[in-house]
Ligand SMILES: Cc1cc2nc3c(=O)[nH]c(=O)nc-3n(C[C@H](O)[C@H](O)[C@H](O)COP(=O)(O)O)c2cc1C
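Encoded as structure tokens, the following chain is the form predicted alone, with no partner shown.
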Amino acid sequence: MTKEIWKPGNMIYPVPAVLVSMKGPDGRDNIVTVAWTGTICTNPAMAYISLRPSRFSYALIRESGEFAINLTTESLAFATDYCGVKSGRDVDKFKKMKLTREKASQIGAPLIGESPVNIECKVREIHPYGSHHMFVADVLAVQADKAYLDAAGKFDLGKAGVIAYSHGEYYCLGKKLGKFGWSVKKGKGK
């Protein structure tokens, strides 16, 4: 294998492409697409998003101290892209993309009804790291669409057609390769 050396950059791909919803102190809500997001901790449940301070959503989250991470699917791909390139300063993204505002159980920010999973978050800390600032948040509640529960009540997000972002492009995830621990399970060779 022959490799090139490139300048420093973030090449950890693919990443989730999520829609983050929030409500500002003035009652105005917004949606922004975020690819810099993930899990921080299981117990206590914590997640993060990273945003540029110049984004309209940055001030709304900073002032309100809360947001929702809404997972995206193939059917939400167009809205996911749109909400990342259009500013909430100029357009009501819920209205323009015909997305359903749903009430959260623990926060004032609206959830996106078309999302299979909504994660309600309260900001714990904000860390400025150059071009982006990281919002570290406690997960207060998770809402999951019952359509993705199997007969035993296990959640199967693989059926939702979740999308990911990689180097400027969106991809639909789907093919299951195995589950945690399958590589060491007895009697199961390579």
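We number the residues from 1 along the sequence you see. Source: prediction; values computed, not measured.
Beyond what is shown, the protein has a form predicted together with this ligand; the following relates to that form.
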> According to a 4.5 angstroms non-hydrogen atom cut-off, is His132 in contact with this ligand in the predicted complex?
Replying inline: yes
> Even though this ligand is not shown here, does Arg101 get within 4.5 Å of it in the predicted complex, heavy atoms only?
Replying inline: no
> Is Gln106 one of the residues lying within 4.5 Å of this ligand in the predicted complex, judged by heavy atom distances?
Replying inline: no
> Is there any non-hydrogen atom of Gln143 lying within 4.5 Å of this ligand in the predicted complex?
Replying inline: no
> Among 26-34, 118-126, 63-71, 152-160, which stretch sits within 4.5 Å of this ligand in the predicted complex, heavy atoms only?
Replying inline: 26-34
> Is any part of 34-69 within 4.5 angstroms of this ligand in the predicted complex by a non-hydrogen atom, and which residues would that be?
Replying inline: Val34, Ala35, Trp36, Ser50, Leu51, Arg52, Arg55, Phe56, Ser57
